[in-house]
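What follows is one chain in structure tokens, specifically the form predicted alone.
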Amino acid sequence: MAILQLASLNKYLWKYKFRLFIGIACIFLSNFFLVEIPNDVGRTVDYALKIASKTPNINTLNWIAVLQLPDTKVLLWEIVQIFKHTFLQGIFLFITRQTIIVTSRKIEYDLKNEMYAHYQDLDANFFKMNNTGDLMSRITEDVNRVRDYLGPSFMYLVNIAFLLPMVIYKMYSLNSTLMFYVLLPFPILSLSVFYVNNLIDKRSEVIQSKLSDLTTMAQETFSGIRVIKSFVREKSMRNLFEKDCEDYKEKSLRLTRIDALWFPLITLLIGISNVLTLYIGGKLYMNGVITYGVIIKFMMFVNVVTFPVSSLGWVTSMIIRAGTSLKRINVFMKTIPAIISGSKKVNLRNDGIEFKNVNFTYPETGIQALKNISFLIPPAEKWAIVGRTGCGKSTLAELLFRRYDPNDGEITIGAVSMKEIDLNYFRSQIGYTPQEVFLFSDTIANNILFGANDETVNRENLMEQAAKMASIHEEIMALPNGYQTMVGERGITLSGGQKQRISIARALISQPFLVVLDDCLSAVDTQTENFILRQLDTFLQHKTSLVITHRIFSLQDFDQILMMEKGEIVEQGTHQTLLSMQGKYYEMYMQQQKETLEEQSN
């Protein structure tokens, strides 16, 4: 059962054991004083009746005379006891909530941070194989359900565990016969809990899975709203979402119907207990076995346990849902990253990059992207990788950053295998502009500064220098708020070329030793591209750089060019050398020159 997964929370409970111990102790003390209140009330009633029976003319006495009666002092003391026990019960109940509920929030904080850290440790393939909505649901909805178990559910469960034995003991000490009849409906309740648990468990897991699907669809709709509107697909998307919502509603209603059985059932059982208390207690009273105050005590004891027992179904439901959610969380937390960082540190200022007979097939698609790739980039050289779309250019960058490991062959930095390198230290020396630009929903300044290292000084000056090298500074300054302009989600308020150039500035601000530009100028015109590359010529001196592109006319100044086709390096050399070979590179160059002339003539 999913509920067995709750044992994995023991490490958090142990971490906050002192706070939990205080909370549990306060639950005990709160219930201790709570069960004293019916005793106080019962004795108060008995003393009041005793005074009334001993003083037939009590209605003719003034209040001073009533207070001077011997039994009145005892009666007043019992009233004081009622107020005292009520006050103490409230104090300890307050402390209980301040410990148990606060602890659940602290564990929620720890669990979310642990999950977020694990998300960042996982490899690229994991995120390709799992949709965003499901990942979001685990760290939000699932964690919230676990917190409900650790907070209200845990508190009420411990409360019931303490309260019921106390109440049963008190009732037994008053009259065992009456106690038997009062508790007669409770075994039925236990059997009902056992029966309904299995139904809730199964249906909760289905509902959580469906909720993840809904979250995914909503997230994709919000992210792709421009595409949806462009193709006038609002109605069809709304129908799809409505269909999924209807399915989720039906599954939720099936669970709600089970939950709806609890409170009527428990109310009925409590009502039966009250009727039995009055009927059996009345007969015992008339036979002189118990006093009227004992009946009052039993009625109050039944009411004392009414809410805890009536919440048993709700608590059970929360526990089962938490178990289901924690099962999903545990599956995620046990996912082992395919990429494990090494510990060796390398310096890209002095070390070259070498691919040795590298082969790679994407695990999620089975497509072989690279075949027997071998080359060596010496330090401080400018290299380019050229080829048509789908030839494997970007895959080289994926392997260089070790987002994947090659199936065969080896990648080394200096003489150190990539698998032995400290990835955080290695990547901190790289400025990278991906093919698919991603900007955060923040200011332009913060998007550029995102690429700066923590120890970077003169951040504002470096930001402007990087923006100038990326030929975006003047356009930023022309905006109403300059660098403080909000770019919108994923940079939606900017053009494709602007987003690419901001991404380039972000890659350059940290003054990296290795610069990798993955087809990052595809959305800018030829004049802007040439300007940016001329700016980069000075910046890239004494740095290693790798430019991945399918446009050839800007590649004359590179030390080496790799021509790729169908995952293989088919040609390698300088621009002039490759042109003189009149092979694949020459064909691509001539075709692009022809297309450029046609565009200019038009």
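Just count from 1 along the sequence shown to find any residue number. Everything numeric in this text was worked out from a predicted model, so none of it was measured.
Another form, the form predicted together with a small molecule, is not on view; read the next lines as being about it.
Screening 178 to 186, 465 to 473, 390 to 398, 113 to 121 for residues having heavy atoms within 4.5 Å of the small molecule in the predicted complex returns a single hit, 390 to 398. Proximity of residue 364 to the small molecule in the predicted complex: non-hydrogen atoms within 4.5 Å are present.
Heavy atoms of residue 128 reach within 4.5 Å of the small molecule in the predicted complex, making it an interface residue. Of the heavy atoms in residue 369, some are within 4.5 Å of the small molecule in the predicted complex. Using a 4.5 angstroms threshold between heavy atoms, residue 435 counts as touching the small molecule in the predicted complex. The contact residue chosen from 404, 332, 92, 307 relative to the small molecule in the predicted complex is 404, the criterion being a non-hydrogen atom within 4.5 angstroms.
Put simply, of 543, 575, 50, 550 only one has a heavy atom within 4.5 Å of the small molecule in the predicted complex, and it is 550.
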